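Single chain ahead, by itself, as structure tokens, in the form predicted alone.
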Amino acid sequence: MSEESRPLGGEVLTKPFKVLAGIFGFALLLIAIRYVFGIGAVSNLNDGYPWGIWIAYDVVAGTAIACGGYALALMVYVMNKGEYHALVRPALLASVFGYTLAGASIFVDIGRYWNAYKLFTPWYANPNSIMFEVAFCVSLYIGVLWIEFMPAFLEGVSKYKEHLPEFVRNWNVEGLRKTLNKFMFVFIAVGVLLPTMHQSSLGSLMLIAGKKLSPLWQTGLLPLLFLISAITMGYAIVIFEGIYAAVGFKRPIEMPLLTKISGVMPGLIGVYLAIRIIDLVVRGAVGVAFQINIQSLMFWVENALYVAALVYAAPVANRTKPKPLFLSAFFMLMAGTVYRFNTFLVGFNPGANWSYFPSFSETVITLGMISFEIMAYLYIVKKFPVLPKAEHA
């Protein structure tokens, strides 16, 4: 059993858990309707807007929000800041479900879902396609995340062995853990490489939109901006989750570690905003931001959220207090999410004859995915050694 992590324990089937289960159950019903009657039965997607809320949130924004494991891996294993190791498992768990559900949502979104296996068959793949690179890297990263989380799972199996089926009780858990630990450095290295590739490539996807994407977002720097914002969102979700989980589970807040992590955010936000502003000036696109339309409005909302995150995160005194630290993380997550929605939906205009707004079913299915992610998180932190033990906190 890890010296830093312990199962939280407690009742699983709480009232909030049951509410989330109800939302997820309704979403499953709508997903069943989608597979029986086709994607048009539940969505407002069309030839002009083939990517809707499922891609914009579940994949583009959702994977960035799930970058906590990636961001901490950069800090713990690349920058050799081992003091943050106690936060790795909670961040990794959020990444596991964020990315896994993003991958699962693709099967709801694509029309010919039965052809998805061709992604892994070299004779069908197009290695020159940005979309292929994103899909392939995300798929591999999901597998890597589950392998990285496997030690926590094996520790849980070891503790509850007597309550598990006989074939599981016969597992050589300690042997599996030792073998896994020998090769874990390989998966950690790959786990740093893959998000760096596909988070930047998510930005590259919209380069091919050309003039259909507003000048407020269409830039050759999209890959860099997507990568910087994803890393910043990764640190933000670690802080957000750490404080929210501590309050929700009535545990001490790990302020010393969260304060140090938050020190990275002002610099990243500042670099992002500087690149964003200079890019708009160089391209002569500043005037577009002052037009009276929904795109300019959302542009200002997006950047106001970035500024709010910076205002709360920049003062050193704020980073030592839970409330401003939580708000800085919240505003950063909102800013990155709105930026991605703007790039993939709000700023995209395929032509005057096309329009899109998420249907009720699309929205419920997205909420169902989020509900399942929260349910799974609650179950695992209560049954497996994920959260740091209270003495450490």
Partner chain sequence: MEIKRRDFLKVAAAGGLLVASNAHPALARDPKTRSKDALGFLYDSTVCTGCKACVSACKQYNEMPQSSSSPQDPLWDNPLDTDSKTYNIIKLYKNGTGEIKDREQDGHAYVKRQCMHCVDPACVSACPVSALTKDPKNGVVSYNKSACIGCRYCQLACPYNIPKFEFEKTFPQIRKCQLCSHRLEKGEIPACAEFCPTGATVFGKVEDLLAEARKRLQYKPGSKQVYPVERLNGKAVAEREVTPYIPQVYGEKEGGGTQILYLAGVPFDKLGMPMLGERSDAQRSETIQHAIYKGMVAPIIFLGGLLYVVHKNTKDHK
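Keep in mind that this is a model prediction, so the values were computed, not measured. Numbering follows the first chain given and starts at 1.
There is also a form predicted in complex with its partner chain; it is not shown, and the following applies to it.
### Message
With the partner left out here, check for me: in the model of the complex, does some heavy atom of Pro151 sit within 4.5 Å of its partner chain?
### Response
No, Pro151 stays farther than 4.5 Å from its partner chain in the model of the complex.
### Message
How about Tyr35 - does it come within 4.5 Å of its partner chain in the model of the complex, if we only consider non-hydrogen atoms?
### Response
Tyr35: contacts its partner chain in the model of the complex.
### Query
Should Phe330 be counted as a contact of its partner chain in the model of the complex, where contact means heavy atoms within 4.5 Å?
Contact check for Phe330: no, nothing within 4.5 Å of its partner chain in the model of the complex.
### Query
Should Tyr244 be counted as a contact of its partner chain in the model of the complex, where contact means heavy atoms within 4.5 Å?
No - in the model of the complex, heavy atoms of Tyr244 and its partner chain never come within 4.5 Å of each other.
### Query
Should the three residues Ala125, Asn181 and Thr196 be counted as contacting its partner chain in the model of the complex, with contact defined as a heavy atom within 4.5 Å for each?
The answer is yes; Ala125, Asn181 and Thr196 each reach its partner chain.
### Query
Counting only heavy atoms and a 4.5 Å cutoff, which of 334-342, 56-64, 320-328, 38-46 contacts its partner chain in the model of the complex?
Of the options, only 38-46 has residues within 4.5 Å of the partner.
### Query
Though its partner chain is not shown, can you say which of Leu140, Val311, Val288, Val190 has a heavy atom within 4.5 Å of it in the model of the complex?
It is Val190.
### Query
Pick from Val76, Leu305, Val96, Val144: which residue has any heavy atom within 4.5 angstroms of its partner chain in the model of the complex?
Residue within 4.5 Å of the partner: Val76.
### Task
Between 113-140 and its partner chain in the model of the complex, list the residues on our side with a heavy atom within 4.5 Å.
Going through 113-140 in order - heavy atoms within 4.5 Å of its partner chain in the model of the complex - the hits are Tyr113, Trp114, Asn115, Ala116, Lys118, Leu119, Tyr124, Ala125, Asn126, Asn128, Ser129, Ile130, Met131, Phe132, Glu133.
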